[in-house]
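The chain below stands alone, shown as structure tokens; this is the form predicted on its own.
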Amino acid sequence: MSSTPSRRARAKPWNQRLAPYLFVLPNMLIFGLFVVYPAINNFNISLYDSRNGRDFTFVGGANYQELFGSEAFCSAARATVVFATCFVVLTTVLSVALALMLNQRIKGRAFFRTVFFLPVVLSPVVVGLIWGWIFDRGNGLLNTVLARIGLGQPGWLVDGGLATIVVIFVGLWMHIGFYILIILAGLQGIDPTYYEAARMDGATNWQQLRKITLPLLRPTTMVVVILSLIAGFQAFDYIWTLTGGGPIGATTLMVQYIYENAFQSPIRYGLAAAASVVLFVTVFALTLLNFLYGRRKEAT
């Protein structure tokens, strides 16, 4: 009579049972040192108040109370939600649409793939500076062209609504290539025999897209949603160089609020740490909800 898998596992020598844990131990140590410990320490700092980074005083939850009563934080939170929502929706829709197009046998496919991916490798600071010059109201490239054809000179970076649209556009331009690459990998993983069988049954291209491509692409799309959600809530560097958070705080997101309180006078480490905890909990909760929703859709 053959032994069960659990009995065979117990029969293994101790060094063979220990080997898998030894392989993951370095990664776990690095994760604990650079992720878990700073997160715990950050939460601890959020319970203290200090002035200009000195004389720490334990204040319990006072920083969180001050945070939610602050108009500056609430404004940054609202701007972050608007930015992240638009960024996630547009990123998901456009990356799927563009990946479907770039997965076809079109002329210049390799060139277009390179063009879309190129911004991903650029420095966010450089991206912010380049687009800041293009959208500059007085001497910007875009307004120069618009003025020559008689369409005026819109204040792209001095009008709150336009500035929000600009930072969303620049975020998409810089990141969309990465998400297209993920969707393309998902498309390459779909078994071509499904399409062959569908064509033999007389299915149109639209029916193949609805019944085969999109359902089988759902796990990959959920990855894009989760990654873009995290990127949307953590957006900072290119927005900082593009608008500086203006005009009048219209593009000041939560990460910039944290940066200003942690590194600009008056330095409030405790308040910045409390805002970081709120941001972490928000992103973690939304990511978990997306993950559970994706698992539920896969099961049905």
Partner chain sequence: MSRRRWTSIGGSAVPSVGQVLTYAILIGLSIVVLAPVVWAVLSSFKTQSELAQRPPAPLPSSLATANYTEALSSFDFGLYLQNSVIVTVGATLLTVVVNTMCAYGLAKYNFRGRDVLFLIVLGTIMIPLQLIFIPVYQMAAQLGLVNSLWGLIIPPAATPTGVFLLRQYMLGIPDDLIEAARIDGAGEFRIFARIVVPLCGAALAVVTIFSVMWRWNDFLWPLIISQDQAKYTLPVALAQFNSQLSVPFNYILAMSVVSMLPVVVIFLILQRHIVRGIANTGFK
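Numbering follows the first chain given and starts at 1. The term rigid core refers to the maximal set of C-alpha atoms that superpose within 1.5 Å between the two forms. Note that the coordinates shown come from a computational prediction; the quantities given were computed from them, not determined experimentally.
Absent from the display: the form predicted together with the partner chain. The rest refers to it.
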For this session: Would you check, heavy atoms only and a 4.5 Å threshold, whether I45 touches the partner chain in the model of the complex?
Result: yes
For this session: State yes or no: in the model of the complex, is some non-hydrogen atom of G161 no more than 4.5 angstroms from a non-hydrogen atom of the partner chain?
Result: no
For this session: Give a yes/no on whether Y64 approaches the partner chain to within 4.5 Å in the model of the complex, heavy atoms considered.
Result: no
For this session: May I ask you to state whether R109 is within 4.5 Å of the partner chain in the model of the complex, using heavy atom distances?
Result: yes
For this session: Would you mind picking the one in M200, V93, L151, M101 that has a heavy atom within 4.5 Å of the partner chain in the model of the complex?
Result: M101
Exercise. Are there residues in 33 to 47 with a heavy atom within 4.5 Å of the partner chain in the model of the complex, and which are they, in order?
Worked result: L33, F34, V35, V36, Y37, P38, A39, N41, N42, I45
Exercise. Is the C-alpha displacement of F34 equal to or greater than 2 Å between the shown form and the other one once the rigid core has been superposed?
Worked result: yes
For this session: Once the core is aligned, please say if the CA of L22 is shifted by at least 2 angstroms between the shown form and the other one.
Result: yes
